[in-house]
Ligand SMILES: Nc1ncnc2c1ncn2[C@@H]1O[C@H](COP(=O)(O)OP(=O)(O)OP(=O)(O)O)[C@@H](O)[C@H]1O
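To begin, one chain is listed below as structure tokens, in the form predicted on its own.
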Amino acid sequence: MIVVEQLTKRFGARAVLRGVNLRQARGETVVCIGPSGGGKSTFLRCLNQLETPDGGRVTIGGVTVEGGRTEPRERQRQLRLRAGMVFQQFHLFLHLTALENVMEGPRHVLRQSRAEAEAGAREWLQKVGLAEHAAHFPEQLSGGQQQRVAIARALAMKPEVLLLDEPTSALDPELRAEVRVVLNQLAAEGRTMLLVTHDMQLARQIADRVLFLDGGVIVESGPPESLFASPEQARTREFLEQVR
């Protein structure tokens, strides 16, 4: 479902990604952990063309983009349709209700009728446990509820892959648990997800595979039970000792 080959990205003189490779199967949940500044969020943004890679290649759902060049808009659009994005800060439209936020993409990007978009949005809000909050505006919702609306909004676009950048980091522990429940459910259903997170509990719960990214490279990867219990690389062990 996802193939990343020798992905590189620089900001000025600083190399943020230095030849990252990844192959992710359909239905697999991969969680990327690592220190701040290690390249995790940039990696995710390059996959969705929110940042243009300097080199390498990304293929998602059969759509390929090349680093080092600006891709045609239609190819970027096709890639983004396949890879839904959930951000740390929700990015909901404050003047729209929860229902209207989830309807927005299907209505204006997928060109669904209002009735079709509304029916789909209500189903997704039901799935994330917010059916009774459909008429609420973002300011009337808790942070955990807003993040669940953001997840419903991404899913309403019917992506093949869900990319999530620190989906629980802006939340307090109680609200974080709400979002973990939804992500656990999606993982159990076999949805293809790639997450960046500092939430080690979330990583342990939902990952099929964990990547430790530091200094712009994947230092180590493996199943969560082995990577957390007995990491092979000294840098991975050092990082995990700091975050336990």
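Predicted, not measured: the structure shown is a model, and the values here were computed from it. One rule holds for the numbers: they count along the sequence shown, beginning at 1.
The same protein has a further form, the form predicted in complex with the named molecule, not shown here; the description that follows concerns it.
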Which of His198, Arg209, Arg204, Arg57 has a heavy atom within 4.5 Å of the named molecule in the predicted bound form?
His198
Among 41 to 49, 66 to 74, 176 to 184, 22 to 30, mark the stretch whose residues have heavy atoms within 4.5 Å of the named molecule in the predicted bound form.
41 to 49
Are Phe11, Val16 and Gly37 jointly within 4.5 Å of the named molecule in the predicted bound form, each by at least one heavy atom?
yes
What residues, if any, in 228 to 243 have a non-hydrogen atom within 4.5 angstroms of the named molecule in the predicted bound form?
none
